[in-house]
Ligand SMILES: Cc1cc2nc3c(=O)[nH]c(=O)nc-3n(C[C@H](O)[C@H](O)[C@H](O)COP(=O)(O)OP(=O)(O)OC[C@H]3O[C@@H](n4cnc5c(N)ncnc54)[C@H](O)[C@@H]3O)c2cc1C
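Below, in structure tokens: the form predicted alone, a single chain.
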Amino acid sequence: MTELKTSYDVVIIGAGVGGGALANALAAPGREILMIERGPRLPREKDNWSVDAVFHKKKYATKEEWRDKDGALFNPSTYYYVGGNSKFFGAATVRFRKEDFEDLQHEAGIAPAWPVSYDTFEPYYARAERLMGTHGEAGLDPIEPPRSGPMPYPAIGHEPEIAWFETKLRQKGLRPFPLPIAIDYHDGGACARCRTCDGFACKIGAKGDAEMRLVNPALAKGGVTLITEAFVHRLVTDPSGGRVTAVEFDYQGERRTVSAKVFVSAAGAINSSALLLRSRNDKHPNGLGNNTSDQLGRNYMAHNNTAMMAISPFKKNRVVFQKSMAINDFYLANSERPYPLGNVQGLGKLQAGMLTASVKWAPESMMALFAERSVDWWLMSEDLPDPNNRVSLDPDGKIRLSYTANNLKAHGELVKVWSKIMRSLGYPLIITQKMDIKVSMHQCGTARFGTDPATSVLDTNCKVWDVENLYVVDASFLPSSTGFNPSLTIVAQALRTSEQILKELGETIALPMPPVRAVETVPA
């Protein structure tokens, strides 16, 4: 049983990518940091890599129910564990492009400019890549933003089947590049280069998820206490409403209250909004951070995502680790369309039973034959901020996620373009599955940061405008969703925010760069 103090320097709510990165940056002997995680440690067990357990029985997803815009209940694909949703992510750790930080015209509208530039983020991206253990190769992505140095770890290389696609795509004038990916893949590393990385938890601890790369190292540094299976109900302010004085949570069967100098919500874009809404009081009747802008919970985004199986009737795909390549030729205005379409990247090898969990018309025996002969892709397009796409709380306390997808024409055209390319390479049968509201792994945008409290919830350091000592450090801050997994950007912003929190604590210590190991890529 963990003995809790009555007061801490910093309380961090959530032990996912944002909370883990912040704790890692702040951890030091002598500091008192409390991390509160609603879930347990995810056990390493056989079912981690079971298609039936993960995709059919949904053993690890929350059993919590949310409501959609029409009031219908659904179970989201959200994971409450130390490490959060990153326990099941595909380990892609990609920087947003320079253009993503500027006004970017899409077919359906404009993705708004950020209040800070890519150049501001660049040194934090460099640190984030090292923390996460990113493998890749700089200089091959046609729209790669400027970098202060090379990737920290070498590209993992393609297996023969994917190397064949790289050659064929280059012959068509495309410019595939190694997908930046965070796995422990080097001589002596833990990674077995298996087919159960994307969408599965890693039972051998080889994925660069938040637990392995951020939370555990933070605990090892000292100064950090982690409690699990503790649900935070609300944040309590002083009578003026200007400062948070305590956090109330359930832990080990009791309602607890802890005070701190600084409070940070890193519970994810949906649950951070829910927490701030639950914390309303007479000074903040619409929730913390919502007095001026009415933006809390609004502008929810989660990407337009499609999984694609391109199937050859004559050629088996013997690849094991398929998620090693990406294509950005269609990410910005391109030869196919005068506006952005999105990113294409390898999807972890689909196995029998994975898509049949969603594709109800196909028997598992047929999908097993397809999976043997398919090359699999993840197609991701930007969705645009819309104030009517929002997180709110119903009277009974349930989360309501009101969301209507947008920018769908561009995404549909990306699917058509990539299908045409696959057919030209001898893969005539295409099966696609577009992800719906239940897939909330890339949730973002519900507490955007900005320079004007009338149009944003957070300032550029991710501090809540209306509350002196309250920060939100997860994907809530994103003004636009871009077309990439937000994990690396969450880490980079958490590192930026950590410097402001240190100043608030009266410290101005420079944060050291994590060491880089000399590693060699194991041949595929």
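Note that residue numbering follows the sequence shown and begins at 1. These numbers come from a predicted model, not from an experiment.
The protein also exists as the form predicted in complex with the ligand; that form is not presented, and the subsequent description refers to it.
This chain is displayed without the ligand, yet in the predicted bound form the stretch 194-202 from 407-415, 194-202, 329-337, 115-123 comes within 4.5 Å of it by heavy atoms. Interface residue among Trp377, Phe165, Phe449, Tyr81, judged by heavy atoms within 4.5 Å of the ligand in the predicted bound form: Tyr81. For the candidate set Ala267, Met301, Leu288, Val264, a heavy atom within 4.5 Å of the ligand in the predicted bound form is found for exactly one residue, namely Ala267.
The candidate spot formed by Trp49, Gln322 and Arg373 is out of contact with the ligand in the predicted bound form: none of the three has a heavy atom within 4.5 Å. At the 4.5 Å threshold, heavy atoms of Phe89 reach the ligand in the predicted bound form. Within 4.5 Å of any heavy atom of the ligand in the predicted bound form lies no heavy atom of Val457. None of the heavy atoms of Leu470 is located within 4.5 Å of the ligand in the predicted bound form. Using a 4.5 Å cutoff between non-hydrogen atoms, Val17 counts as a contact of the ligand in the predicted bound form. Contacts of stretch 429-468 with the ligand in the predicted bound form, defined by any heavy atom lying within 4.5 Å, are made by Met441, His442, listed in sequence order.
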